[in-house]
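What follows is a single chain, given as structure tokens, in the form predicted alone.
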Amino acid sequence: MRIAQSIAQVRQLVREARSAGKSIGLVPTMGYLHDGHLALLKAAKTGTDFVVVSIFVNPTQFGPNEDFENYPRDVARDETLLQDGGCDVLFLPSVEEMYPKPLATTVELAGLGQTLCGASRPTHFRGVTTVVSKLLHITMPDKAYFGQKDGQQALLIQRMVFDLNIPSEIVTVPTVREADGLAKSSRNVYLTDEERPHATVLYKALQEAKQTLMEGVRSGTSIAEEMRQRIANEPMVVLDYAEVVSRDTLEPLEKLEGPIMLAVAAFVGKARLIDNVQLTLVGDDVIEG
């Protein structure tokens, strides 16, 4: 595995791989890798010939009083995991490398980035889409890989790539979970032993809502309220949102049909956790994905 700390270095390595006839895969991360990230790496290794994994804790996607300074970091451990997983290049830029001047240009998706997580983190997705746009332009991958756990993020990036004619396919990889259903997340490390069992309520609320759909209920309002009550009643958990939205517009739905997302977010101690389930409703059928 090669390590590139500059944009010029990673571009040169990608050029060499492309000249050798290899397809390029990109896995953007903020490090502190877990099994979810390794699933992205595995998918990229399967889907492309030459995989670049970036580790960059992006300051522009953190709002005031969020956890940028305290975000978990362990680059040495990450390097070992990537080496063992068959990563070809680790792109490890500094903040100064990615943002040598204050940004005069940003990428923002009107509407899509202001709902769900964007409502409580109003500058978050502008930072995400801007840095992902930079990473895509730096590496020009054939395919870039994102986790379904960050469902809103993946949908925004897919729309950004479409709108801006960026020639990369965005591939989403299913959420990797703990044995009890908790979605893998770097922020799970914030959970105390006392808080940890309560964090599973997000997954439980989603599964109960899915079961309600399978029983024939098609009211988005009632299913969203069911999820809100389930999460709000859990000790040590503070609800942020629970919504049933269209996967095309991210707008809340009342009559449920077609592609939808059940999306939840809550605070458990210092950890803000998110999760979602993506379904397609066709008549009486409830189809995963």
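Only a predicted model underlies this, so the values are computations on that prediction, with no experimental measurement involved. Numbering starts at 1 and runs along the sequence shown.
Unshown form predicted in complex with another copy of the chain; subsequent notes refer to it.
Contact with another copy of the chain in the model of the complex, judged as any non-hydrogen atom within 4.5 angstroms, is confined among 211-219, 134-142, 190-198, 173-181 to 134-142. Checked against another copy of the chain in the model of the complex, the candidates 148, 123, 115, 130 yield a single residue with a heavy atom inside 4.5 Å, and that residue is 130.
Put simply, of 106, 94, 207, 83 only one has a heavy atom within 4.5 Å of another copy of the chain in the model of the complex, and it is 106. When another copy of the chain is considered in the model of the complex, residue 4 lies well away from it, no heavy atom lying within 4.5 Å. None of the heavy atoms of residue 154 is located within 4.5 Å of another copy of the chain in the model of the complex. Taking non-hydrogen atoms only, residue 110 approaches another copy of the chain to within 4.5 angstroms in the model of the complex. Proximity of residue 270 to another copy of the chain in the model of the complex: non-hydrogen atoms within 4.5 Å are absent; the residue sits far from the partner. Residues of 144-169 placing a heavy atom within 4.5 Å of another copy of the chain in the model of the complex, in sequence order: 159, 160, 162, 163, 164, 165, 166, 167.
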